[in-house]
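First, one chain by itself: the form predicted on its own, in structure tokens.
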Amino acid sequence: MPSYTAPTKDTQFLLQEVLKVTEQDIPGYEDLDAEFTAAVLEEAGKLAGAVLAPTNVVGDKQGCTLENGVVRTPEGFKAAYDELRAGGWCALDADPEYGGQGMPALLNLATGEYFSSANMAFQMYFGLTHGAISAIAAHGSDAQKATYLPQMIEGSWSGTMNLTEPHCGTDLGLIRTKAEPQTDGSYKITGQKIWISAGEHDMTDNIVHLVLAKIPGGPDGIKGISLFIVPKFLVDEDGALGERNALSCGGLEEKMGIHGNATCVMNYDGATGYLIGEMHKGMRAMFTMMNEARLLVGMQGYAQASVAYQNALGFAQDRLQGRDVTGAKNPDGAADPIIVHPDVRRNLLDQKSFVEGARAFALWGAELIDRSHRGGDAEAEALISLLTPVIKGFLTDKGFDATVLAQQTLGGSGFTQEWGLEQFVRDARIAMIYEGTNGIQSLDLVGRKLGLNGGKTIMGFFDMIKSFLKENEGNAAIKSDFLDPLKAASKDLQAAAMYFMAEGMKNPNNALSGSYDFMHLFGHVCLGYMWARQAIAAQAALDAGASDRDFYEAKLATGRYYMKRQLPATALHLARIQSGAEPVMTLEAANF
């Protein structure tokens, strides 16, 4: 049976010593002192470990069931949901005007990691509701906000997003769901949506679906899409729940993982819906929810890697097999623990260095969101837009790889259900697929985000790295191990971007064929940057005589491992990018 302990100490280190939150000029950050953030993280960690983690295996084994149109969640899910709801965890960073606590997105992401590590399928119910709240808050009318936000923020109602249809996924311009206008200003929504996470369940009194549909007579393709609020139960003028809307769950998907989350086929049979935002501008509103979801999915990637690593580490410390080649480390036992073996240590350090670097990267991303939303910083908004496909794509790819490494640490035991590692692998796999496959993320990065603001945003990123290196070039303690490798990796990233600019115009396939490698190259540079920032903070703590020297020395050793063993992958990705489209596109489709 796997276990989970929230990494509160590491999160605190990142918030207080690396990001230095109280020193930032972001409204609300002045309240994020060490005592306050410690209290929030400790409470979230307790709930994750004691309440959610015990339901994870249960949810995987039982799954959700559909009977007479009603979806039942696994045993213990509703009780856990009610406990977190009572604690105000549904929308930690939501607007206080509608009952939220108004905390920064930074804390919502930090605590969301713990909940996702403990039970990813469960956390998705909260995550989807949070995205729907954000979309309504950004694009809904005052009346819509007043009607839906208080109950969604409080947690008595949940939310979803409905995009995909049986015949279309990425190409949403092909959707067929219709919205017929009515004389009272509402619309009748008719169509079928598939793969709708948390589309139907028994944990809330109402489910507020955000549904993409086309109003007859509108423009063709994606320009004719509008977004609608379609509640499971209609809401009376006094805010009370009225009659059941004409929508239903037509089936549950049998999935590889996340069994505890209800993935539904949703049928809309003339259901009453309400336009949110402007007519034919539905994608603009939906992307508010989707971009947030992509950041949270990136978090899911390293959250699953984190819990998998914890359990792999525990196994490696206890499992006795073989002897250390340099001499017995457990002479009184029949064998040494497998953590003495270099290849096992390599395996564990691959996981550890990724998880700790990814956590820093994601929290930095959340800081950029706060800087943009709370401080109105346009440059921060552009930078997080550039980084969003990297956070989603790179962190979920490498997060899945890390869960596989954790499973491998256990050998044959990792392949059995008893130890739980195979569930982490299965659950982590979806993060590479939903909210836009990682291939789509890489195309978005190269096809759209590199040219953001005429290329000024990516050039601003390069300038940021250059400034960071220059500011710290006198720090001899970290120069050779951290700054020099980051400088080399950053040059690889710049060379790749220059290649796209030079060759992409000649043949777009030169850029598209290298887009996936570029996303990973960019991801490695970002983690290298975050490891350099962590190294500066850790060395400063040691120089100041920190009492917990083991923590800071381990941080430096883990960072050095990443810089020496992982960051050099940028050269490989650059070589692939510079090979162009020819190796990818030469083979005729008929000859595959």
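Each residue number is its position in the shown sequence, starting from 1. Given the structure is predicted, the values throughout are model-derived calculations rather than measurements.
A second form of this protein, the form predicted in complex with another copy of the chain, is not displayed here; the remarks below concern that form.
For the chain shown alone, residue 585 is a contact residue for another copy of the chain in the predicted complex, at least one non-hydrogen atom being within 4.5 angstroms. None of the heavy atoms of residue 504 is located within 4.5 Å of another copy of the chain in the predicted complex. Within 4.5 Å of any heavy atom of another copy of the chain in the predicted complex lies no heavy atom of residue 243. Within this chain, residue 558 lines the site of another copy of the chain in the predicted complex, having a heavy atom no more than 4.5 Å away. Interface residue among 233, 195, 499, 468, judged by heavy atoms within 4.5 Å of another copy of the chain in the predicted complex: 195. In summary, among the residues 71, 348, 283, 290, the only one with a non-hydrogen atom within 4.5 Å of another copy of the chain in the predicted complex is 348.
Contact with another copy of the chain in the predicted complex, defined as any heavy atom within 4.5 Å, is confined among 424 to 432, 221 to 229, 93 to 101, 373 to 381 to 424 to 432. In the predicted complex, no residue of the candidate spot (1, 51 and 238) has a heavy atom lying within 4.5 Å of another copy of the chain. Contact annotation for 402 to 435: residues with any non-hydrogen atom within 4.5 angstroms of another copy of the chain in the predicted complex are 404, 407, 408, 411, 412, 413, 415, 416, 417, 418, 422, 425, 426, 429, 430, 432, 433, listed in sequence order.
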